[in-house]
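One chain comes next, on its own, written as structure tokens: the form predicted alone.
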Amino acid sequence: MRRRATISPDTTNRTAAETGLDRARKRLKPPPVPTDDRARSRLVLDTMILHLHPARIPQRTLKWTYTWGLGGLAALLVTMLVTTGVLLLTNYTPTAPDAYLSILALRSNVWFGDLLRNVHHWSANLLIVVAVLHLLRVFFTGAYRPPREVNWIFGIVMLLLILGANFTGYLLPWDQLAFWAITVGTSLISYVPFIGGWLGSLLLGGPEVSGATLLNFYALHISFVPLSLFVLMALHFWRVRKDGGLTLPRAAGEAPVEKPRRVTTIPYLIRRETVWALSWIAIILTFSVFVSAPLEGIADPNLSPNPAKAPWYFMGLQELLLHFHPFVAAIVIPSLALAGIISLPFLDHLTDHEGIWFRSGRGRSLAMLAAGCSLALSSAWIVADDLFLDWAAWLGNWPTIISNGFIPLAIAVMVLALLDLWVDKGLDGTLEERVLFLFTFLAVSLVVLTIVGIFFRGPGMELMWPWSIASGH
């Protein structure tokens, strides 16, 4: 009789373990390195791309009308600013009056120096607009809610750093426009309680804007601010991937998609990003060829322009100073606004309408209603306050911080509370609709204040029509 072969349990276990180990080794074994130089370069490029992007993405997130490519455009602008900024450093001296002379030499003696400065200037200004629009896009599509609340806060801090980068760079040409804009902007620091005077002296390098201020701003502009921005950008990109990528776009009333169709990042996403980036580079270069960055006469502390205005992105804040006590306008209102924006994911945390623009069709209507109300009420407040509202005269000997500060602020808060009550009770709005309404109202109010400050304030910061200002009447 033929003896049947037997296998011991130990042999079976060892064979299974070896087989599993072989499979693991095959999975972990790196792909063969290409010997062709072109193929090797392609592999390196693909690896870099896949460090920033997942290998596959939901096809729906490729829709331009959902993200408008704003996040990628912001990253492109930062790259352009770093590149042009490093080149500008080779022809710049951060001392007064040499800083101004450096700009003149750059414009006249350096090949493409004027174009380089124009690209840097307009890219920096465009970055503010793009960052704000990106924040609005994230809000209006509900992409700030858990688990993305940490990235929402990162985004807000990055927006503040972008404003800081523009503000510190604004002084570097050392012309009249920059000198007096920074003088107006830094004067707000003195209203910070307890440490305002010390903080102002630390930033300015003395009691007023001077050569020491220029050196401080230069150091901040090329070191602390960009380094902080780079760190937060890296964290921001990492959190996008950790939180599951972009929110999936949906139409109003459409149910969430459980298993969306996915496509490979290369080439579908990369092709779109490349076209988008090249298009914007062409737009910025073309614009910079025909429109020069502003440059007035050399800074003169003894010759103040009329009116002296802050940089355009702080004109909404300067406009508030005309209607409220400086402490309320420069400290209280911005602090409340910043705290409110940061707390949004914790107030409105439901994800039922995530990925839908304005939450729903009704939400879109409410946002348009809020924009209209804000446009009307904000404009009416500005005109009324300029023409006949005089809280200090009406309230006699009351401290101005109360008569011109907290009382007008209380009235503004009461108006917001009444609007919220109207949406809640009168229009039967949900919590997210109330948040949407108030956010839109306040965002449009800031836009109105900024536009009025830029275009409708003439000599003495009087309210005037733009064509009257242009004609000098």
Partner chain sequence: MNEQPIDITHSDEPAVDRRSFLKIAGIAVGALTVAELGGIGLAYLHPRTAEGDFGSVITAGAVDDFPPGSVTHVTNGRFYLTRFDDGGFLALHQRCTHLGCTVPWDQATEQFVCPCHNSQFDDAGSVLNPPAPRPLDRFAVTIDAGMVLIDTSSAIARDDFDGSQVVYA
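Positions refer to the first chain, counted from 1. This structure is a prediction, so every number in the text was calculated from the model and none was measured.
The same protein also has a form predicted together with its partner chain, omitted here; what follows describes it.
Chemist: Determine which one of 323-331, 375-383, 342-350, 133-141 lies within 4.5 Å of its partner chain in the predicted bound form, judging by heavy atom distances; exactly one does.
Modeler: Only one stretch qualifies here: 323-331.
Chemist: In the predicted bound form, which of the listed residues (V110, L269, M158, V184) lies with a heavy atom within 4.5 Å of its partner chain?
Modeler: Of V110, L269, M158, V184, the residue with a heavy atom within 4.5 Å of its partner chain in the predicted bound form is V184.
Chemist: Consider the chain as shown here, without its partner, and state which of W357, Y218, Y92, Y191 has a heavy atom within 4.5 Å of its partner chain in the predicted bound form.
Modeler: In short, Y191.
Chemist: Even though its partner chain is not shown here, does P260 get within 4.5 Å of it in the predicted bound form, heavy atoms only?
Modeler: Outside the cut-off, so no.
Chemist: Look up in the predicted bound form whether F230 has a non-hydrogen atom within 4.5 angstroms of its partner chain, and give yes or no.
Modeler: F230: no, not in contact with its partner chain in the predicted bound form.
Chemist: Hey, in the predicted bound form, is S365 touching its partner chain, heavy atoms inside 4.5 Å?
Modeler: Flag for S365 set to no.
Chemist: For G253, is any heavy atom within 4.5 Å of its partner chain in the predicted bound form, or not?
Modeler: Residue-level check for G253: no, no contact with its partner chain.
Chemist: Please tell me whether the candidate spot formed by A212, P307 and E462 is one where all three residues come within 4.5 Å of its partner chain in the predicted bound form (heavy atoms).
Modeler: Verified in the predicted bound form; spot residues all in contact, yes.
Chemist: Since the partner is left out here, which residues of 179-212 would have a heavy atom within 4.5 Å of its partner chain in the predicted bound form?
Modeler: Those in contact are W180, T183, V184, S187, L188, Y191, W198, S201, L202, G205, G206, P207, E208, A212.
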